[in-house]
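Next up: a single chain in structure tokens, the form predicted alone.
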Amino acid sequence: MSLSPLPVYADACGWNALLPPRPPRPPAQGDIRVKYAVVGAGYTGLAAARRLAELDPQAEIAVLEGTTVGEGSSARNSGFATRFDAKVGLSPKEAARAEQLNRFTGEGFDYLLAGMAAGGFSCDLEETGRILGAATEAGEAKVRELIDGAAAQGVAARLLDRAGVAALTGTTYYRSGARTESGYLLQPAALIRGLADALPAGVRLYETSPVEAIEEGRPRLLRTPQARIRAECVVLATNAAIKHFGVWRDGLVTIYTYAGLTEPIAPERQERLGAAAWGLLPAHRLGSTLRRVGADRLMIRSLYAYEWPIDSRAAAQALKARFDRRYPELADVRLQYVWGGTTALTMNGSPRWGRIGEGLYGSAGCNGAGIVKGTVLGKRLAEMIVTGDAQEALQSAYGRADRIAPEPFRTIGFRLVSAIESRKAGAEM
């Protein structure tokens, strides 16, 4: 199985830049023989490796990370987590499915908490609640729908008017909002670094070890620049990059998204940043995410690029323009860090997951909800491998990803849908 190039990020991850330097683990070298090889040290891969070690404690396990932990896609998200499925978990229209999905989401969240406790590290996890902000009339309909869904699931939520949103976020940009009591913020680079450094005995983590080829056979042979790894079972936990292994290209698209983190804001201006800790998600999927980071910074996440990254300067300019619309009184504040990251989307929002072939398993298509969802999918994938459990309940809850039209129709369709959705999003962007 020969590979095409993997995504390369032009800019350092801002979350990682806020942390003290971490010496990476050495790359894989020479001939290595293991029972399990996990490709990708993100949330899915680390959860799979950890669960494999729990279920098969005598096994040798290798985790191969193409970059360094903290600079990959898993650290490049917005740092939101919840016990409720991010897409359907509070949907009044799909209440029965939401309840089913929420059980798996809660399992993933608890597995994360157990990993943090075992590793004894901090990732600034804080229960802050979550705000859905509406800047348009259509967005306000989404807010009302969320209030109804929260009530159906027994989750405390309250409706916010413009002043209520401003009191929490420091901006009068939003017409209204909904605040659910359940919702957490965290430092994603600190989380993924902590999980990687707390892997159980028997799991060897190799960084800067991109897999360049996977050869068929039992055992399978994985080649990196400096090593040949033979493994009885291979787990592909690379999300969007799984397509570069020639797997599931008919069901996934790669999306680049971008985030900007402000420079520290002077103490005398920090009252403009709203409450001590908050996170806001947009009412439209193409909208902008906001959150407060520590005492003196704000983060904005927005922009979507299909398959190829945006020029760094163009991304920074677009993010700054969206930040200035929300905080015109902070227009002089610069974005100190701007970075991109990839995610994998599927046509219907369901992941591609499970057995690919003899001794080969994979998970991809988190659809922008990777921290908790990726964790439970990695955990359950390990359970499928070791116990033989087909995981029918999980597959029923999440569903199966639909096929996507081949090129060039895929690109044409994405551009058309993106243009339509951008018009609908309007001021949410």
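All residue numbers refer to positions in the sequence shown, first residue = 1. All values reported here derive from a predicted model rather than from experimental measurement.
Beyond the structure shown, there is the form predicted in complex with a small molecule, which is absent from this document and is the topic of what follows.
Asker: The chain here is shown without the small molecule. Which stretch in 349 to 357, 175 to 183, 70 to 78, 272 to 280 comes within 4.5 angstroms of it in the predicted complex, by heavy atom distance?
Answerer: Flagged stretch: 70 to 78.
Asker: Pick from 231, 134, 252, 211: which has a non-hydrogen atom within 4.5 Å of the small molecule in the predicted complex?
Answerer: After the contact test, the surviving option is 211.
Asker: Identify, from the list 108, 287, 139, 341, the residue with a heavy atom within 4.5 Å of the small molecule in the predicted complex.
Answerer: When the small molecule is considered in the predicted complex, the option within 4.5 Å is 341.
Asker: So, residue 196 and the small molecule: in the predicted complex, are they within 4.5 Å at any heavy atom pair?
Answerer: Output for residue 196 is no: heavy atoms all beyond 4.5 Å of the small molecule.
Asker: With heavy atoms only and a cut-off of 4.5 Å, decide whether residue 257 touches the small molecule in the predicted complex.
Answerer: Judged by the heavy-atom cut-off of 4.5 Å, residue 257 is in contact with the small molecule in the predicted complex.
Asker: Does residue 368 make contact with the small molecule in the predicted complex, using a 4.5 Å heavy atom cut-off?
Answerer: Close contact exists here: in the predicted complex, residue 368 approaches the small molecule to within 4.5 Å, heavy atoms only.
Asker: Does at least one non-hydrogen atom of residue 41 fall within 4.5 angstroms of the small molecule in the predicted complex?
Answerer: Taking the distances in the predicted complex, the answer for residue 41 is yes, it comes within 4.5 Å of the small molecule.
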